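Consider the single chain below, provided in C-alpha cells and representing the form predicted on its own.
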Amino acid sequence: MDKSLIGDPLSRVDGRLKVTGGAKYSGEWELPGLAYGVLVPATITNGSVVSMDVKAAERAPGVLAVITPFNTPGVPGFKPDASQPVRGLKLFNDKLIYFNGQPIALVVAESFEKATHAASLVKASYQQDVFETDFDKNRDKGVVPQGGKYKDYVRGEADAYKKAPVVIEQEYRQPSEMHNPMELHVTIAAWDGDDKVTVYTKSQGVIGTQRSIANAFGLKPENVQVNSRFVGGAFGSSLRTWPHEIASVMAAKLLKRPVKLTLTREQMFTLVGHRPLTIQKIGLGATSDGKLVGITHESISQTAVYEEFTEGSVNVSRFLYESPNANTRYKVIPLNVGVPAPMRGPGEATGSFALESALDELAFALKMDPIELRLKNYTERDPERNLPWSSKYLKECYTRGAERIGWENRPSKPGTLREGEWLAGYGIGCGAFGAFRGRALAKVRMMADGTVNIQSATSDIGPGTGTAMTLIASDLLGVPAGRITFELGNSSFPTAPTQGGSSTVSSVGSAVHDACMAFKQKMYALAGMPENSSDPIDYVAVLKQHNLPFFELTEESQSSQQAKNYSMYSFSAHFAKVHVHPLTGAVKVKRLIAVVDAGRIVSYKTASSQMIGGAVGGIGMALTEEAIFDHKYGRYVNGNFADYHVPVNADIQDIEAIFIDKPDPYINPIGTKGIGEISLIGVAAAIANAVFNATGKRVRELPITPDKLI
C-alpha cells in the first residue's frame, strides 16, 4: 500500500451525478400507482387518544386511507410474543401518547398535497396526563441505565481529586441538538404479493434496515429489498429503522400499492432523534506542577419515557489522560420527548466539551500553558484497559497544530490581545474515538474489456465512500480509477456494516482490499505466474486466453485476533482562534486547525472535506445550535430552520485539516482509522477555551451566545 495512489486527491466518483441532479435519492423514485402518506401529529404531550373523527379526512378528494390506532391493520412484530419484537415506538399499535408530535394517524392519498390537506381535517379527543419535559425540574429522577455496561467506573480511588493541592470542580451544560440533514427522511414501500417488499429509504445501513423490516413483518430477509444509494446527509439520524418507515411499509401492504411517506421539516425535530440535553460535572485534581491526581466525571442526560437511549459521554475521561485515580458516573432522565439518537461524535463530543474545558480551567489555575498540561499527563498506553495503543501520534498533533495556528501569539493573560476593535484568543480541544473494524464482504468483477465493478452493501452519507473504495481498488489492481465502478446502498449486495462509528473505510475498505488481493492471485494462477509475483499482469489477455466474458469473486474480511491485544483509537487536536466583540458579544471563529491522527489517509480530498464538515458541526455546537422547549405545552419553540440556528457560509472562515498520515500497523491491512467522529469531537471545547482566552469569561453552557458574554 505504499503506491502513490493512496492519498491521491481523486474527485468524488459520484460528484458529477450529485451536482447535475443525476443522483436519485430515496424520495425521487417514481413507481406506478404511487400513493402519498402524511402523518398526523398528537397535540398533547402525555396521555391517550380517546376518540378520533376521520370522516372529513376520508371524504376529502383523493384520500385512499386513514390509518389510526382504532383501525390499524397491525404489524406482526408489534405483538409481545413476536420472535423478535420491534423496539421503540410502535405507531398506531395502541392509543398511548408519549410526546408532543407523536404520530396518531397516517393519511394516504393520490398526491402529497391532497394527503396534507386531509391530514389537517383529522380531529382527536384526548385524555391528558401530567407530562414532564423540564430537565432541571426532574434532575433528581435520573437513573442508571439498564444492564451492567453503564455502572459506575472506578480506577484507583473514587473522587481522589478532592485531596489534590489544586482542584477544579465545574458543571457544563449541552442543550439538545437536532438532526436536520438537508435531505428529509423519505420512505417508499412497494409490495410484490404478500411476502416480498421493496423499500427505498434514507438509510445508513441497508442490511440493518432489511433485517428490521423483515422482523417487523415476519419475512425472510432476502424477501426485503432495501435501496439507499444516495443519502443527503445523516450522521446518526438514519442508523436505525424509524417508526415512520415501518408505517409506510404497513400502509403499502394495506393498499396493495406503493406508498411514499415524507416527513416534514417540523417532524424532523421530533421523529428522527437528537443529541440529548446533558449536564456534566467534572472534578479535576492536580499537583502544583500539573500532574493529575484524580478525575471524576458525572453525566446525566435525557431519554424518552418509552425507550432508553444511552451514550458514552463519560468514557473519554477514563483514558485520554494519565491519572492514577479516575471514576465516572452516568445516568439518564426519562422525559416526554422523542427518543434521542447518536449524533456525530455521539457521547464523546458531549463528554470532550466538559473534559477539555475543565482541563483548560485547570491550566489557568496552575498558570500553565494548556498544551504543556496535556503533555504532562500524556498516556503512553490505555489506562482504562491497560493495553498498548495500536498507534498514537497525539503529541505530533499538538506540535503541528500549535505551529500552524500561531500558538506563540496566545496571551497567557486572558482578555489582553486585541486585533482592531476585536478581542482575540486561542484555544485547544482534543478528541478521541474508538477505531473499529467490522465484518464486511465485497465482490469484485472484471469484464473482458478490463473494466472493474465492485459491490458491497455499505452506505455513503457524505464522506465519499465510493471514492475511497475506488482508490483502494485502483491502487491494488493497477487499474485506472476511471475504469472502476463501486456500487453500494443495495441490500442484495454482499453484506456490510452500517455506516456509523467512523468504521466504513476500515471495515469495507479491508473487504475491498482482501477481494482485490484474492482476485490478483486468481489472475496470476490463470496466467501461470507465481502468486507472489510483482510483475504486471494483462488482465484482458488472461480473460481472453481462457475465453472468460468476466471473472468475479466475493471475499469476506474481519478483524484479526491480534487486534484484541491493542487499544485502538483515532485522535485529534483542534486549535481555534476567535474574535469576540467587546460591546456586542459577537463571536467569530477566525481560524480552525484540525490535526488528525487517523492512520493512513486513503483519500486526502474527501478526508479534508470530512474534517471541514465536522468542524462546521462543531462551530454549530459551540455557538448556535440549541433546541428550546416550551414546558407549558411540552413542545419545541424553535422546531424549524428559521429559529433553530445552524452555521451558514458567513459563519465559516478559515478551516484547515492536517493529517499525520502514519499507518496503524494492527487495525487492518490498509492501516487506516476513522475520522468521521473526531472531526467534531473537541471542536466546541477549542472554541469555548479560545473565547475565555479572548475575554476572560468562561462560558460553561452551550451555545456561547452574545448574552452570555456581555
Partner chain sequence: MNPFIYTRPADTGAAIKSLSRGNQAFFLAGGTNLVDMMKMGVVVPEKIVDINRLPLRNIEAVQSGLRLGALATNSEVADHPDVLKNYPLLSLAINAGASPQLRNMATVGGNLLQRTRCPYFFDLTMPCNKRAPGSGCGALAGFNRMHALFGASDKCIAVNPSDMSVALAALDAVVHVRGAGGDREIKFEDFHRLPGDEPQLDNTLAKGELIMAVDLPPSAFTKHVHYLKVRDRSSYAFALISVAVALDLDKDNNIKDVRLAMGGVAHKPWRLRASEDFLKGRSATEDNFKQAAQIAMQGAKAYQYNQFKLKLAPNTILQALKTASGQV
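Numbering follows the first chain given and starts at 1. Treat the numbers as computed from the prediction; the structure is a model and nothing was measured.
One more form of this protein should be noted, the form predicted in complex with the partner chain, which is absent from this view; the next part is about it.
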Item to check | the partner chain contact in the predicted complex: residue 623, any heavy atom under 4.5 Å | outcome: yes
Checklist entry - With the cut-off set at 4.5 Å between non-hydrogen atoms, does residue 43 touch the partner chain in the predicted complex? => result yes
Item to check | Heavy atom of residue 70 within 4.5 Å of the partner chain in the predicted complex | outcome: no
Next on the checklist: Under a 4.5 Å heavy atom criterion, is residue 637 part of the interface with the partner chain in the predicted complex?
Outcome noted: yes
Checklist outcome for this item: None of 399, 116, 451, 565 but one has a heavy atom within 4.5 Å of the partner chain in the predicted complex; the exception is 116
Item to check | Candidate from 630, 169, 152, 538 lying within 4.5 Å of the partner chain in the predicted complex - any heavy atom | outcome: 630
Checklist entry - In terms of non-hydrogen atoms within 4.5 angstroms, which of the given stretches 681 to 689, 663 to 671, 46 to 54, 649 to 657 touches the partner chain in the predicted complex? => result 649 to 657
Checklist entry - So which bits of 690 to 710 sit within 4.5 Å of the partner chain in the predicted complex, heavy atoms only? => result 705, 706, 707, 710
